[in-house]
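Taking the form predicted on its own, here's one chain by itself in structure tokens.
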Amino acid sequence: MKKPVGEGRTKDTGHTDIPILRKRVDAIDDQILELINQRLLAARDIGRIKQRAGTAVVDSRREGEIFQRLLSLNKGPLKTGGLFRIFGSTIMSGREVQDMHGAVEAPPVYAIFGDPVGHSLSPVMHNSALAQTGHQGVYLAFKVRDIAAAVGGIRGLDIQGVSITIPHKVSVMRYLDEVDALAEEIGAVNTIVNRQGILHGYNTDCPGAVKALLEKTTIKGKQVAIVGAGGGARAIGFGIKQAEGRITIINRSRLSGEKLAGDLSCDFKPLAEVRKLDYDIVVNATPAGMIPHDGSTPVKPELLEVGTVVMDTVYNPLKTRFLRDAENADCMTIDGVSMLVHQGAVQFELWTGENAPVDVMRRAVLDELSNC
């Protein structure tokens, strides 16, 4: 009788016996392979029964339920993203053995274009969402320097959807067939949807920031300070303006700050002249506090007021110095993961036409950040 997986563990004695551990790994792999084949045989039998009955072989709802059950059972070191990769491949193999006529098509491809892009959490977030909803697509990261050539690749490779990140959010616009009115007004695109070869550009940073704020507070009529005047601040500003918040741009550079404030028809204050952040909501839209500069902060802690809603767009580290200072000042805080997930959810819905599994996307990102 085979020894159950996990049995025979030994305590760390300070001199790990690698050959013994490798034998244990090999034995576990043997059991995993046998169990996968047993699973595929059962899946094949289910497929045959469905085909005889004339019902659809693929059941995306059932696949989603499988992932939800496995997520609830997972108590070990396997991260959410890893779980979806492993069982997503297993489920795809099940689809293949169920359809003996080879009608299973290659999965659609989604991607993120940027430079740098290796640090991005978008692949684990979107691949988890695709698996959870039964979409057998794959989301890949591409380091892109020549954005014009990369956009040509979208058409040539029939990539269905693309996330655009630094430094291409502005330059990509000239190579698209159509740009959404809001993205045009913002002057930046972070999402491309390929509809039968016609490339449409959108900006999901804008609604993503608004949805992240609305989870914790209202915006209409609130006094909102946005710290920063770059592309992120611009997208957030237009979103808050649409939600009828009353905006003030706060920035080190007067020139760029006044330019954004003019475009948003709102007030501007130089950061050096700010003595108190007497606002209902304060948003950091700068990279201050991002790893490896996680000791920095966009504003001095003594400027924060009790009861203010404070949101950071930086998500690594999860709790920035800015958010720690805000907690110490008895402010309500919103971390950068909230905006990342909500803008990603809007992307997912544009690409697939289905509701995004926001909770799964959030869990996948948080799991990845847990060891950062």
Ligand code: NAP
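Don't overthink the numbering: it's just position in the shown sequence, from 1. What you are looking at is a predicted structure, and each value in this text was computed from that prediction instead of being measured.
Although it is not shown, the form predicted together with the ligand is what the next lines describe.
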Proximity to the ligand in the predicted complex, single hit among 172, 224, 179, 233 (heavy atom within 4.5 Å) | 233
One residue of 145, 155, 216, 252 in contact with the ligand, assessed in the predicted complex (non-hydrogen atom, 4.5 angstroms) | 252
Though only this chain appears here, would residue 290 touch the ligand in the predicted complex if you measure heavy atom gaps against 4.5 Å?
-> yes
According to a 4.5 angstroms non-hydrogen atom cut-off, is residue 347 in contact with the ligand in the predicted complex?
-> no
Given that the partner is absent here, does residue 132 sit within 4.5 Å of the ligand in the predicted complex, heavy atoms only?
-> no
Residue 277: heavy atom within 4.5 Å of the ligand in the predicted complex?
-> no
Exactly one stretch in 40 to 48, 312 to 320, 326 to 334, 55 to 63 has heavy atoms within 4.5 Å of the ligand in the predicted complex; which is it?
-> 312 to 320
So which residues in 126 to 150, when you check the ligand in the predicted complex, have a heavy atom no farther than 4.5 Å from it?
-> none
